[in-house]
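Only one chain is shown below, in C-alpha cells, and it's the form predicted on its own.
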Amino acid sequence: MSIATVFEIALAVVVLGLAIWTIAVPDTYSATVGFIAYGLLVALIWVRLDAVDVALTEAAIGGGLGGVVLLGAAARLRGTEAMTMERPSLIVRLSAAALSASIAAALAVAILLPPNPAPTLAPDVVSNAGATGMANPVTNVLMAFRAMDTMLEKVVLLLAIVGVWSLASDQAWGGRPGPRHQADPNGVLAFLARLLPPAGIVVGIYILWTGADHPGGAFQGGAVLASMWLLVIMAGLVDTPPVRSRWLRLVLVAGPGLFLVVGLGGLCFGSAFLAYPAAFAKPLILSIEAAMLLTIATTLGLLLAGAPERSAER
C-alpha cells in the first residue's frame, strides 16, 4: 500500500467523522466550525481527484465566505440558543438518521454500480472542445455546453441579494448594509487591509484570466476579490455602499445582463440561444467572465454584509 493510498484513506475517515460530528454536535458555533473544517478537507479531496477548479471553489465558498456567513449567524443566535433550542425526540432523531443512511446507501449504489458502459457525453465534449478556443475543459463545459445553467446560477445570486435586502426595515431601506466597522488604525487588521488587497486584486484577475486554459475562472477570482473587499470593510478603511446606489446595481446585473445579451445575439444572428460564433467565441466568453467577476465579487461581499441597517449618511 502506497503512502498516497494511506493518506487518501485517512482523509476519507477524517472527513466522514467530521461530517458526523458536525451533524451531531448540539452547539451551533461548534457545528459551524466543524462545517468550515469539513469544507477545507473536501477541497483536498477534490485536489486528489485532479478537480482543481472545484477545489478552488470549495475552499473559497465552503471553507471561506460561506463559513463567515454561518459564523455570523451563529454569533447572533448564541445569546438565545440555550433558551429557545428544543431537543428533538428520539423517534425524530432515529428517523433522520435512517433517512440519511438510506440516501447515502442509494448514492453509493448509483456510483459503484453504474450501467456498462456508463452513460457519458465526455466524447462529444472533447471532440467539440476546440470550437471555443478555451483549453480548460471545465470552462468549456460551464460556458458552452452548460451555458444556460451557468447564466441561471448568476441570476440565483442576484435573487439571493434581493432576498437579503428584503429583510431590511422600512427606515433602513436604501441605506448601507451591516454595521459600520471600526478598527485600530495602527493595528494588525488595518495593516493587513492595506497590505493584502493590491496583491489579492492581482491574484483574482489572474485566476480569471488563467481560467481560459488552466484551473480558475470568474467564480474563484470573484471570491478572492470579495474577500479583499471585506477585509478593507472590516478594518474600517471603507464603508459598505448604500444599496440605492445606481453604480452598485449596475455592477450586480452586469454579469447576468451581458450573458443574456450574448445569448440573445446567438438566437438572432446564430443557430441557437447562447450559440457563440466560432470566430468570436473566446472573446465573448472572456467578456462574460470579466463581467461576472465583478458581479460575483460584489454579490458575495454584499451577502456577507447583510441587510441594510443604516442610512446612507451614517
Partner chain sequence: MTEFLTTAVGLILAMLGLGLVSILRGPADADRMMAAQLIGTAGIAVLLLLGTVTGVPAAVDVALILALLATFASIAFVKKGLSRLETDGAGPGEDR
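Not measured: the values here are computed from a predicted model. Numbering follows the first chain given and starts at 1. Each form is matched to the other, and the largest set of C-alpha atoms that superpose within 1.5 Å is called the rigid core.
Only in words, not in the display: the form predicted together with the partner chain, which the text now covers.
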Is residue 278 close to the partner chain in the predicted bound form, meaning a heavy atom pair under 4.5 Å apart or at it? no
Going by a heavy atom distance of 4.5 Å, is residue 262 a contact of the partner chain in the predicted bound form? no
With heavy atoms only and a cut-off of 4.5 Å, decide whether residue 220 touches the partner chain in the predicted bound form. yes
Spell out, yes or no, whether the shortest heavy atom distance between residue 30 and the partner chain in the predicted bound form is within 4.5 Å. yes
Only counting heavy atoms and a 4.5 Å limit, does any residue of 24 to 41 reach the partner chain in the predicted bound form, and if so which ones? 27, 29, 30, 33, 34, 36, 37, 40, 41
Quick check: residue 23 between the shown form and the other one - does its CA shift reach 2 Å or more after fitting the rigid core? yes
